[in-house]
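Below sits a lone chain in structure tokens, taken as the form predicted on its own.
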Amino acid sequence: MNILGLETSCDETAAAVVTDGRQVLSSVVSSQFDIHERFGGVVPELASREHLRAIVPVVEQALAQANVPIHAVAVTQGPGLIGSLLVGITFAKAYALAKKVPLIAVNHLEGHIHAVLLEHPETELPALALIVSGGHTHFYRCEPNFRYELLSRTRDDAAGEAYDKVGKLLGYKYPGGPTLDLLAPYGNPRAVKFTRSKMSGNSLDLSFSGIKTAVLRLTEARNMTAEIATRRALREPTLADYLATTPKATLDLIASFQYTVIDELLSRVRIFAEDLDLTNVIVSGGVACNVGLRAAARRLPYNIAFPTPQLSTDNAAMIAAAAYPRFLAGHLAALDLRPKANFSLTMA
């Protein structure tokens, strides 16, 4: 069963062909990094236009690399940017109609879960899933037959968004998250103590806007304007360039920021795993590439499964993998399929 998967939920145009939800025959991703870098974040209108430009060549490349007959087409229905989602869905519907193959709608978050199950088929359900990226920070209890229970989520910034905003604030190139992860080992993670958010309602929900604001206040109190300007002036900075322009106090600030964010995430992993008696834990999404998070998570007494970095960030192989069990269950979409910018996984 060869499924063509399409992913256009944000700023990556991706297509992949996966057999039986397990074997990746091709996976092509066209990044919009260079387009959005100068704005310090994703511009929805520009993202949509770039998807229109890239979707046909990306799909053609994925089909050529796989070189097999396609039996169904799967596409991300949401959540995501409405204009970006619309490009992928429109193409998928046209392909399904022209080739007379079934159409399967996939929730983007379910795709991230299947990015792990694709590479770690030994991971059994029920499991605890942490989906952590630039747009999402959610904890789910995952059970067989597409049953998902939302346990907690961020109330404001996603963890990856907080990383990128703090990186931009400190003068590092977009996206700032990977750079902070590289610099964190050079600082003292206990140097700065950030106040943890206390949430009303679900006390295990998260908030990352406070720590972002705390970093801003520290840059103001320490008069870091000149230091930040020096880093922003770097044209094509290397790690050595950043280390040369980042004083020890700033490295300590970065290390403490990373330590706090990771501890906020993993403290909830411990609570949910113990309360729900779960030993299998899935961690996926762009922030799953974070070296500090991976190292800290693997010290926990659970069966922790991460996808490879290529499948941690947005890709279409995870969409095709998630579509396979839905196809087997008869969960097919009609040609009037519409994008859902806010698509709850518990309702998928």
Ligand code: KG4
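Predicted model, so just to flag it, every value in this text is computed and none were measured. Numbering starts at 1 and runs along the sequence shown.
The discussion below concerns the form predicted in complex with this ligand, not included here.
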* Can P189 be called a contact residue for this ligand in the predicted bound form at 4.5 Å between heavy atoms? -> no
* Close approach of S26 to this ligand in the predicted bound form, 4.5 Å, heavy atom -> no
* Asked: Does at least one non-hydrogen atom of D164 fall within 4.5 angstroms of this ligand in the predicted bound form?
  -> yes
* Asked: Can G135 be called a contact residue for this ligand in the predicted bound form at 4.5 Å between heavy atoms?
  -> yes
* Asked: For the chain shown here without its partner, which stretch in 177-185, 202-210, 237-245, 272-280 has non-hydrogen atoms within 4.5 angstroms of this ligand in the predicted bound form?
  -> 177-185
* this ligand: the contacting residue among V58, A305, C289, A297 in the predicted bound form [heavy atom, 4.5 Å] -> C289
* From the list G111, G88, G80, G160, which entry has a heavy atom within 4.5 Å of this ligand in the predicted bound form? -> G160
